[in-house]
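Only one chain is given next, in structure tokens, and it is the form predicted on its own.
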Amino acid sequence: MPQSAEKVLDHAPLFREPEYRQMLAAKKLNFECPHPDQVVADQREFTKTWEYREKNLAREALVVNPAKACQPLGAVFAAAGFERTMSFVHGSQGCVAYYRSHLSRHFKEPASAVSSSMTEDAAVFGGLKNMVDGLANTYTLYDPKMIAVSTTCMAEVIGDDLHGFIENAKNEGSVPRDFDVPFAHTPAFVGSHIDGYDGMMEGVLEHFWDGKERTEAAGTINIIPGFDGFCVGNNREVRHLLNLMGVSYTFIQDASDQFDTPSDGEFRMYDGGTKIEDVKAALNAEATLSLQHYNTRHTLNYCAEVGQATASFHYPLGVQATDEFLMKVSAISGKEIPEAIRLERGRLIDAMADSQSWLHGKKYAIYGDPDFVYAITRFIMETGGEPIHCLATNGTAAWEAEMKELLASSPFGEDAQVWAGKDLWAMRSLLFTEPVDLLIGNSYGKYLERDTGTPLIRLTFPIFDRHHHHRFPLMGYQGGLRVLTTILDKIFDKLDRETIEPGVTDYSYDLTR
């Protein structure tokens, strides 16, 4: 074997060594019972056809690689955005390991969460004892200022009542009577991570605001960012814009510091987050604005019920979307948009104009959460690009209607198709039958890139196979510039690969573009 103490190979070159190639080939032949190579090749070619596409898109009882995650993941992420808050998931340990690993693999930071460790007996008799013991352990071991409770499939199937369980746990002394334990029921078998985020945000605000008297502070604004894998860069960029305007605001659920802790010799289980006192005081804000409409529908309804003005946006990215957000903030706060922000806007437009010849007419396939797909589609059309396939597995009929209205507003959207509820296996058929120049989504799209040859641009959660993208903004004018540069880099890299052969194609292997 080639591996030795003197010559340690990484797995990529190691498994290309002859010994491993022979071993893997023998394993396939002897244990996988494979079909003949020609049968496999024929079937692979069939899956690229329009006939297969029609069968694929007609699927109803099977989902293959959905572009979404489950509700509790959104609740865990939401909890991470509050001061010294531990996420407590009422369910099995394995489920919580998935939420933690999903977040830590994307952010490259520890993602803290605990479980009530429900097993077979709790599935039969209920998880009250697990809740009582779990809350006590969490409070004692991790010294949180708040514990945010959500649920997994197991707890929801048997009907565990979180409110009753938490009250019983407090009666038994697991945590002090006045300790903050907001909760949300987040069944993983319906909805997606954006619904779990929405449920936990509503649960936190209800916990602190219900029954409290509201005294409106004119011109003050609450900002709710929504589930966002780019929260580190985005939240800071939005703060930058609001600070330039001199707005009085509260960022409710800010996980930017929690998922960007410094390496300075000190471990921070908790870092940053919206202070509990600020959440309480946020009841008095004149308005609550959500940066992602489909992430916060129930939360905004609750904010309206307590008397606040509300408005939502579809991930303010690019020129027009950022304009609309800042003008709304200006209208509520009474603050003018300063020259410094106008200059940032102009620089983005200048950059778009500088690169227009390379962007115009490019065709795109886009997938991800509903607000993200809307935002990227809008920005692509601002650059003169043509969105052809717009897919959101957790998209609704209302989202589909909004998307069609957006696409109809521009000549660049006339060939676009909107796919609500479809998965990435459906996207594969779309890319084979109606090819595009670029694919925009998350790391799971790399398998589509491999199969179809469509270059992938990673711009949304989760990004597992690249590092530190989340530290840079996508929102605002600066975020738009970042997205613009990322798209252009992919276009130029692709052009270099296609013109690199000496004496054959390198007449276009240009130094200046």
Partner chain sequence: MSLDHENNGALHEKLIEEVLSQYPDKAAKRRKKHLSVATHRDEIGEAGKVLSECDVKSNIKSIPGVMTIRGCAYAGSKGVVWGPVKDMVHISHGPVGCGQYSWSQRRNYYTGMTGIDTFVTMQFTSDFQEKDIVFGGDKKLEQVIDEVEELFPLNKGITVQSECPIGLIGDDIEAVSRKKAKEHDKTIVPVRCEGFRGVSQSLGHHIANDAIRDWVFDKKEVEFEPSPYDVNVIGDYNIGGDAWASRILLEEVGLRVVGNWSGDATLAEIERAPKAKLNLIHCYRSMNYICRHMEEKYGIAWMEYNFFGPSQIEASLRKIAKHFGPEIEDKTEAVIAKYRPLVDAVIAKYRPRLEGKTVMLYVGGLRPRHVITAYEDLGMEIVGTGYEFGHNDDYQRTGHYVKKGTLIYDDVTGYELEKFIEGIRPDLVGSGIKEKYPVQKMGIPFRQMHSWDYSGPYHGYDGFAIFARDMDLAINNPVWDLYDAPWKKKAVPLAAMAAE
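This is a predicted model, so every value here is computed, not measured. Numbering follows the first chain given and starts at 1. Whichever C-alpha set is largest while still superposing within 1.5 Å between the two forms counts as the rigid core.
Keep in mind that the form predicted together with its partner chain is missing from the display, and what follows is about it.
The partner is absent here, but in the predicted complex a heavy atom of 119, alone among 320, 356, 417, 119, sits within 4.5 Å of its partner chain. Proximity to its partner chain in the predicted complex, defined as a heavy atom within 4.5 Å, singles out one entry of 256, 308, 92, 85, which is 92. Its partner chain is not shown here, but in the predicted complex it comes within 4.5 Å of a heavy atom of residue 47. With a 4.5 Å cutoff on heavy atoms, residue 142 counts as touching its partner chain in the predicted complex. The closest heavy atom approach of residue 73 to its partner chain in the predicted complex falls within 4.5 Å. At the 4.5 Å threshold, heavy atoms of residue 3 reach its partner chain in the predicted complex. Heavy atoms within 4.5 Å of its partner chain in the predicted complex map, among the stretches 332-340, 272-280, 395-403, 96-104, onto 96-104 alone. Contact check for 212, 241 and 481: none of the three has a heavy atom within 4.5 Å of its partner chain in the predicted complex. Contacts to its partner chain in the predicted complex (heavy atom within 4.5 Å) from stretch 41-66: 43, 44, 47, 52, 55, 56, 59, 60, 61, 62, 63, 64, 65, 66. Relative to the superposed rigid core, residue 32 undergoes a CA displacement of at least 2 Å between this form and the one not shown.
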